[in-house]
Ligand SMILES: C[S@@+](CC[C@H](N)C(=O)[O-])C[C@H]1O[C@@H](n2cnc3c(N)ncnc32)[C@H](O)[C@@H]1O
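So this first bit is one chain, no partners, the form predicted on its own, shown in structure tokens.
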């Protein structure tokens, strides 16, 4: 980043949602020279990727953010020749993105299920050994994605910075799995199923439905 800080880029120049320099420095340590990078969202991170000379794509629905980033880079001599933008919501842009990538920063929309959609399509394009960074993991949508990846053997957790941004490395080609093949979903689902059985047992006990209790007991022993 240059000495002339970019300032407020978001919400028509009224907000600054910049990612920390520690996060960007750590990301740089994971990305190969001339790496192919992708992010959902845009801002100071986009400028950083441009400065490093990565072949980079930023996906954002805000043309105003794009204009501010380009103006800042132009006035500070930062080459944007290897950066492009998809100016639309990530849920419509991500399915069309086809390049193989070394690094993917998820930092766009945080409302459910946008981070999950970003992760799904981005993971399909991530090279084996490539890394994703998930920002704002203090939000529920970010946290549940991190909790899922921590228990998935296809991913290795690398680092979490400032309790806000988590990094994971992909260990093998990404493939879709059904719920009973996903350790986190399977465990959570078993908890829900068990709770439902307990509630059903309690209702039958209160109502004196002894036949149903016996059948439930016999099924549970199979």
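Numbering follows the first chain given and starts at 1. Bear in mind that the values here come from a model prediction, so they are computed numbers and not experimental data.
Unshown form predicted together with the ligand; subsequent notes refer to it.
- Using a 4.5 angstroms heavy atom cutoff to the ligand in the model of the complex, all of 89, 107 and 114 count as contacting.
- Per the 4.5 Å heavy atom criterion, the ligand in the model of the complex is contacted by stretch 41-49, the sole one of 169-177, 183-191, 150-158, 41-49.
- Mapping the unseen interface onto this chain, residue 57 falls outside it, with no heavy atom inside 4.5 Å of the ligand in the model of the complex.
- Residue 61 belongs to the set of residues with a heavy atom inside 4.5 Å of the ligand in the model of the complex.
- If you take 149-174 and check each residue for a heavy atom within 4.5 Å of the ligand in the model of the complex, you get nothing at all.
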